[in-house]
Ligand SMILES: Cc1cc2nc3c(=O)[nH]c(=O)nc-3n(C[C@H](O)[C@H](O)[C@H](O)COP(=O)(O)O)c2cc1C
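Shown here is one chain on its own, the form predicted alone, set out as structure tokens.
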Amino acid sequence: MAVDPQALLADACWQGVASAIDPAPMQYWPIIDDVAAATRTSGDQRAQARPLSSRTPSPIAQVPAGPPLADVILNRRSAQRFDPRGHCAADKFFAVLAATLPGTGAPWFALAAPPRISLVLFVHRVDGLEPGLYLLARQSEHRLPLAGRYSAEPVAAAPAGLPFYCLTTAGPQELRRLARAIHCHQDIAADACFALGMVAEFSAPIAADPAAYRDLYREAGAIGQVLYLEAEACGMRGTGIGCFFDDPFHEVVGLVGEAFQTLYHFTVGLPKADTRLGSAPAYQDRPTPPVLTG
């Protein structure tokens, strides 16, 4: 049975005040406040306009149980570097992708808007897959517009029910150079087992309701957190990439105009420890958290 987050929060007692990240910032960007004002709506308006509804369950069968959820959450870290020789097993790769499909469980039940994001992937080293560009069409109607100039062939190795397509294969070195260049020349996009862009329907939803802009980034954030946890559970590690060149990415995919836009990027691979950085157990001074089940 789906959980209604509004009911869970009905009796919540909000307290405290968020601290300022920087009380005296060196830079001020007025457009951020302009966008916030232009996309704001009251909670009452949102509840009336788009009530929360159940999602269609993911067609992918549950993957075998991994580490305890609490351990995964508390041990989750962002990767700083990846081993360029690391490979990702196909079953782990497809399990990570399947976890991002919209469904009735967490975190998808907390999103008021319908899913609008699909994933375009740079697959570097996944066992059984040729290096190249791939598409996870989280919404089936995204397949044709996001195929662009490509044919979007279904991937035979993918489990039944996973809407996963090959756009085009590419030479490993060519693909690495492309991924690095698009992601602000960062090695994490080239050395990972795979990197991806979150591509969303953009102009039409925002024209109909400016607050949809916020919904899009909430969905992107939910996908990112799922990727972090699934990568950790599979023995890999992920990291979000906030710096990327959107226009070159659109050109590679074959997108024209603003009907679809890439919102955020992510990468997953075999992490390399940076010995210059220290790490301590999360919340080590707090009592042991209760066991969570998912």
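Just so it is clear, the structure is predicted and the values come from calculations on it, not from any experiment. Counting begins at 1, following the sequence as shown.
The next section is about a form of this same protein that is not shown, the form predicted in complex with this ligand.
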Select from the listed residues C243, A38, A259, I31 the one whose heavy atoms reach within 4.5 Å of this ligand in the predicted complex.
C243
The one residue among S78, S140, S151, Q173 placing a heavy atom within 4.5 Å of this ligand in the predicted complex is S78
Report whether the minimum heavy atom distance between Y264 and this ligand in the predicted complex is within 4.5 Å.
yes
Partner contact for F249 in the predicted complex: this ligand, 4.5 angstroms, heavy atom
no
Heavy atom of I188 within 4.5 Å of this ligand in the predicted complex:
yes
Among 112-120, 70-78, 159-167, 97-105, the region lying within 4.5 Å of this ligand in the predicted complex by heavy atom distance:
70-78
Contact check, 206-232 vs this ligand in the predicted complex, heavy atom within 4.5 Å, ordered by sequence, gives Y228
